[in-house]
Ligand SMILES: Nc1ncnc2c1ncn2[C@@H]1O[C@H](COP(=O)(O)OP(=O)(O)O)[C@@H](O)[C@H]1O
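The chain below stands alone and is given as structure tokens, in the form predicted alone.
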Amino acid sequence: MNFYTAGIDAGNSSVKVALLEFSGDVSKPRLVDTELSKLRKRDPKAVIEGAWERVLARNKLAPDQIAYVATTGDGELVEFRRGHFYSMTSHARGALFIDPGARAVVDVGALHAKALIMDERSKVLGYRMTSQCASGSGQFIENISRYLGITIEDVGKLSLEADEPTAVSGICAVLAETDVINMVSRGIATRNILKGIHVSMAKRLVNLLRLVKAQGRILVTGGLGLDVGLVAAIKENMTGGNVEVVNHELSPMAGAIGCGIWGGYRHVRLARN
């Protein structure tokens, strides 16, 4: 019997919704639809409701036709959820769905970043997270892009055009932002500032990956999973060993997809009891 589940990843800067359909083999769901909505200082609950309603409307489904609504991230904001799953297990499962060959994940969110390794069943075997400092996060990149007067979508492309990247502080966001202000006053090109920021972030992320002994295919997920400049910087710094750093068009949706899949497993288990 076919059934639908939904995964909702409620983050600090955006909401991601994934709709999945299960039939036959529960281990092979089909991704039906996705929705990503930025918070932009709006009421998070209203953004979640809006994203949820749009996904249902596009697929002509009613709320009672969704067998299980699972959450990750700030799940308490989703009042209609049935279950909640940890971010690490959600990103591991979502990453494996997106790229079955992936055996490690580096998730770069709005406030934090984490690295994890997993097996072929998405069991998390080890993980490390960044500290409270935000200079290795998506929020930092968004703040800098606004200061430089460019869109977040252009950050990665401009970074790839750098010819003389200028290093920024990797200690904390406050010092790094001060560095950027000084660079602008000195007339340093935006592309070289961005490349310097990406290199600084990449070094911190690579350190996390080395701490968990990441090997094989490493999938970059989270809000900065589509930042081609950051992905390139990670590749440049992740040298030695048998590693391959990749991203995917669905990288930002990994958490939502993963918790939606776990929701499908839980629904089947509950139905059997």
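Residue numbers here begin at 1 and follow the sequence given. If you're wondering where the values come from, they're calculated on a predicted model, not measured in any experiment.
Beyond the structure shown, there is the form predicted together with the named molecule, which is absent from this document and is the topic of what follows.
Stretch 146 to 154 is the contacting one of 189 to 197, 146 to 154, 92 to 100, 117 to 125, since its residues have non-hydrogen atoms within 4.5 Å of the named molecule in the model of the complex. The single contact residue among Leu219, Ala70, Ala233, Leu224, judged by any heavy atom lying within 4.5 Å of the named molecule in the model of the complex, is Leu224. Put simply, Gly264 is far from the named molecule in the model of the complex: not one heavy atom of it is within 4.5 Å. Mapping the unseen interface onto this chain, Val108 counts among the residues with a heavy atom inside 4.5 Å of the named molecule in the model of the complex. In the model of the complex, the named molecule stays beyond 4.5 Å of every heavy atom belonging to Asp179. For Ala113, no non-hydrogen atom is located within 4.5 Å of the named molecule in the model of the complex, even though that partner is not displayed. Contacts of stretch 139 to 154 with the named molecule in the model of the complex, defined by any heavy atom lying within 4.5 Å, are made by Gln139, Ile141, Glu142, Ile152, Glu153, listed in sequence order.
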